[in-house]
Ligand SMILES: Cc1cc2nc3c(=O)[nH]c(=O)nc-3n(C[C@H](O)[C@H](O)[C@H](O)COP(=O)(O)O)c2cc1C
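One chain is shown next in structure tokens, namely the form predicted on its own.
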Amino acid sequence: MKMKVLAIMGSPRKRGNTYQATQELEKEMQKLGDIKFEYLFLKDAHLEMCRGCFNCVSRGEEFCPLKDDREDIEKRILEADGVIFASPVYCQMISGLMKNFIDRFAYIFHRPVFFRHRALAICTTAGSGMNETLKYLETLHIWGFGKMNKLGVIIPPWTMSEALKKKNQQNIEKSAHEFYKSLEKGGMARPTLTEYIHFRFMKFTSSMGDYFPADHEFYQNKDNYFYPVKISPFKRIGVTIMMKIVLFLMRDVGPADN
């Protein structure tokens, strides 16, 4: 069965280092099986700057005042089996294009939907900032992707040594195999402790319907987890106790009066 990967490219240079690294990964993955790559260049997408109005989080994404390609991009992600988030390192962090893309999908941090998908974070750097950039992209696992694969490629502005070329190629081949294997496995994994804590916390905050009506509607029929899955009783009891302690410590913290 053919699998489809959507590569979301965060570089303003359409055919730069990040694109070339992603293409090398594509070549390696196509050696492993029947897989189709599609590229979404944020440089060419009509995606306006987030205004920080919070409507998408609190009321629902349909209340976003910006009418552009956001909804179509979400559909393209849902239609894929795997997603690649690729960005160069700019000033020790992801590019502005990638950051605005993530900001425009802020509501998915609250209401994740990509549970049947797998994701890979790619970054290219001339030297520093790779770990910081990959760590930030890895936070997208909260969107439902679960554990994310990561690939960092170092491409200096001077002539690359043979040793570095070999290391980059080895990392690309390793990531290609790991990402392909995760796509091939498919399915919805049992949540980790961190993912289960995230669910319980979000379900609790959703009870404040006056502040988060969209979350309230999303979580009201989700008692166990985001999707049907068996949760260990030890995990459930442990997280319940932890949350009671946290809520006790936060008992004097409440919404500010405006």
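Keep in mind it's a predicted model, so treat the numbers as computed, not measured. Note that residue numbering begins at 1 and tracks the sequence as displayed.
Below, we turn to the form predicted in complex with this ligand, even though it does not appear here.
Undergrad: Considering Ser161, Gln169, Asn100, Gln92, which brings a non-hydrogen atom within 4.5 Å of this ligand in the predicted bound form?
TA: Flagged contact: Gln92.
Undergrad: In the predicted bound form, which of 122 to 130, 182 to 190, 102 to 110, 139 to 147 comes within 4.5 Å of this ligand (heavy atoms)?
TA: In the other structure, the partner sits against 122 to 130.
Undergrad: Given that this ligand is not shown alongside this chain, does Arg13 nevertheless sit within 4.5 Å of it in the predicted bound form, heavy atom to heavy atom?
TA: Flag for Arg13 set to yes.
Undergrad: Verify the contact flag for Gly82: yes if a non-hydrogen atom of it lies within 4.5 Å of a non-hydrogen atom of this ligand in the predicted bound form, no if not.
TA: Gly82: no, not in contact with this ligand in the predicted bound form.
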